[in-house]
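Only one chain is shown below, in structure tokens, and it's the form predicted alone.
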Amino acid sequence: MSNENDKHWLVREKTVRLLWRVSLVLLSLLVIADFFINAHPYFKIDGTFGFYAWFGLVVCVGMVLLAKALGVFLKRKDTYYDNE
């Protein structure tokens, strides 16, 4: 059985938990900072509260779904490169 200290520091459970917490706090602070920053929106929608946070999330989810859809059309059988 491997010891927790034998693992790489980025794979340890304690480090992963810490990275999640730090990331969530940092992202929350960035969204809260939107209250104090005077935005100069070019379009009306990019002046809404937390626009860059929710827009980034929507675009990221869209890219994942597009990649999944492309995978359906581009995938090959497991034996594609086997000699026949």
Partner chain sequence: MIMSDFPPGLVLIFGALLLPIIGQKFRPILTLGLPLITLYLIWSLPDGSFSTFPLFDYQLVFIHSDSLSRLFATVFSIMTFGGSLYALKQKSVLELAAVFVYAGSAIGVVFAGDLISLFIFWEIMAVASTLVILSVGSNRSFQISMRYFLVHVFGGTLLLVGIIAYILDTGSTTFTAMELNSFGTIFILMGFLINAAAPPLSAWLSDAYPEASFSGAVFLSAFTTKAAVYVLLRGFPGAEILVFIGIFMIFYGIIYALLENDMRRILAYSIVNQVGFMLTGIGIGTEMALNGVAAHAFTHIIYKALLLMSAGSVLYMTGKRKCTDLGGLFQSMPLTAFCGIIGALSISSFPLTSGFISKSMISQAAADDSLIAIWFLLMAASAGVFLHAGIKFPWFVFFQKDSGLRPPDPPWSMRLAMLLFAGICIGLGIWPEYLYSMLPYPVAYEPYTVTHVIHMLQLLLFSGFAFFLMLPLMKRTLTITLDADWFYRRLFPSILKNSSATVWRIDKMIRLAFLEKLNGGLIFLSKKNNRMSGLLSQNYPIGSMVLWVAVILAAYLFLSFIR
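Just so you know, these numbers come straight off a predicted model, no measurement behind them. Positions refer to the first chain, counted from 1.
Only in words, not in the display: the form predicted together with the partner chain, which the text now covers.
Student: Is there any non-hydrogen atom of V22 lying within 4.5 Å of the partner chain in the predicted complex?
Tutor: No - in the predicted complex, heavy atoms of V22 and the partner chain never come within 4.5 Å of each other.
Student: Would you classify K14 as touching the partner chain in the predicted complex, given a 4.5 Å non-hydrogen atom cut-off?
Tutor: Heavy-atom contact with the partner chain at 4.5 Å: absent for K14.
Student: Output the sequence-ordered list of residues from 10 to 33 with at least one heavy atom within 4.5 Å of the partner chain in the predicted complex.
Tutor: L10, V11, W20, L24, L26, L27, L30, V31, A33 sit within 4.5 Å of the partner.
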